[in-house]
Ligand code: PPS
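The chain that follows stands alone, in the form predicted on its own, written as structure tokens.
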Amino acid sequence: MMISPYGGVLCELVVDLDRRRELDEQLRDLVSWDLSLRQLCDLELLLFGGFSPLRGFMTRAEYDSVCSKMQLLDGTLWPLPVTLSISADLADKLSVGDQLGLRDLEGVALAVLKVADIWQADRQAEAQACVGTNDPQHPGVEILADEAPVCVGGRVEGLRLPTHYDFSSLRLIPREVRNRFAKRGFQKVVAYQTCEPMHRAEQAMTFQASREQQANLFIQPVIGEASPENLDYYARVRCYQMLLPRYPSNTVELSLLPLATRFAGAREAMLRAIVARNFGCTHLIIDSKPDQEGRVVFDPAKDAELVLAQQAQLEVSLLPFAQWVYDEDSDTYLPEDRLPAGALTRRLSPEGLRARLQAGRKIPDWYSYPDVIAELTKANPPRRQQGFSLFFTGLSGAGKSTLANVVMVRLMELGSRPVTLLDGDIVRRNLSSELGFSKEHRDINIRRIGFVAGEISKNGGIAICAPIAPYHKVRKEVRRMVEAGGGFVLVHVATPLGECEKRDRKGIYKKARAGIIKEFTGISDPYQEPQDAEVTIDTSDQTPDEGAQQIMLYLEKAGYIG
């Protein structure tokens, strides 16, 4: 008999046709919220029952209970909050009892939320309780820091599931997966939820896990916030498809999982176990392999004890696996704790794989399969063949525009790619002329620059950007945008404020000091110095040619030119 959904019932929240027509009529008069990519993932899991027994976004009481006790209000084990954060402006327009339309990025109405609570989340306390730290560098803490504190909770009625045009045959909802399992006679099923491509080690690990449990295998790639612009995502899914024939026939299923990763260790492992159970799985492999940025969702040394203690309530057997490495003598992959004494092993880290791809070096056959290697190589050409963005940041008068122009000329002399200059003043005139200089408007301007730079880089060109870009958060957003399809190099033009004021040909610093210009970076508004710059240049003791040469040497060393 197949395992029951978590809580006993699969809670599908999409309403019938008659109710949908009613809600569509009401939506014309409702206030609406456009969901972020992460929020779309949570809503989709709610709508198709992946988060059963939840029937909506959490209220303050539910949030507090989950953070402090890992329980819903009825005592059911639930490890992580599922909340909907909104803007303060929208919250001011809402009252308990109202209905709120929930729309995708294109404005398509997906659901209606009946407002039961409007409240403030304590993101620092949430990070400490759920992620286990308040370290701002931890990816789970970074995710929470990006979420607005104002939340709205209440039950959700779904009008329709989000539309996906990519890999539609692989986007199976729990009911469909359960029907497939039933038709194929799958009763014991091992789930493997992965954010990375699978190679020989992962194939060996998953095959061994299903064989030891005398179970079938369900590969669930976590696609989370993948967007159509993310080229690696398409390559990754094609690699999974190539892997399926390497398992015994009629033993494996593949389906994409729109789950937003939280990097919350033991609690995230439990949440994933609940999702796996709702899809009909009895076991879940807890893979501790770091992703390409060195981030680990689950750390066996810290997280295994808490997770394994909850197995009885979850009713899903959790299978923590050690790292698997290649054993030359047996020409196969083995877990580290089962290697024979004196074994000669080989391993390649995700960072090592990425370095080889960026440099155009061969990926060894013992690491992966030829067709998978070919697909990854095609999707990740060497850096010298990729587009990239040079993003200059620094105070007004620091020398960004001068450096950008000198570097632009040098890159155009090479002639390897088309080069586009997105200077701060030029962009202000042509792309953001309606914006002011408030923090909100400055962030919008930088995001626009990042979007254009990302499109240029994705299509093989070089974008040179030279805004002030004073805020760390929006610079990180731009980095993520650009790196989805190309390279990103942050250049901090770290010329001291005093030197910038000496160069004040337009007198703008004097006006700022006098209070005539408000919210001026470095005077009445902060400049957050980057800690993640690839290149740092102080033009007070370097000529433009010397600074440009420093940048060109970095580009050569990093493999972008040469």
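What you see is a predicted model, and the numbers here were worked out from it, not measured in a lab. In case it trips you up, residue 1 is the first one in the sequence shown, and so on.
Absent from the display: the form predicted in complex with this ligand. The rest refers to it.
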- Note on the structure: From 397, 153, 258, 486: within 4.5 Å of this ligand in the predicted complex by heavy atoms is 397
- The listed residue (529, 519, 34, 64) that reaches within 4.5 Å of this ligand in the predicted complex by any heavy atom is 519
- Using heavy atoms only and a 4.5 Å cut-off, decide whether all three of 188, 266 and 315 touch this ligand in the predicted complex. no
- Answer for residue 456 alone: is it within 4.5 Å of this ligand in the predicted complex, judged on heavy atom distances? no
- Is there any non-hydrogen atom of residue 446 lying within 4.5 Å of this ligand in the predicted complex? yes
- Message: Taking this ligand as it sits in the predicted complex, is residue 286 near enough to touch it, meaning that at least one heavy atom pair lies within 4.5 angstroms?
- Response: no
- Closest heavy atom of residue 270 to this ligand in the predicted complex, within 4.5 Å or not? no
- Query: When this ligand is placed as it is in the predicted complex, which of 520-528, 25-33, 533-541, 495-503 ends up with heavy atoms within 4.5 Å of it?
  - Reply: 520-528
- Note on the structure: Restricting to 441-472, the residues within 4.5 Å of this ligand in the predicted complex through any heavy atom are 442, 445, 446, 467, 468, 469, 470
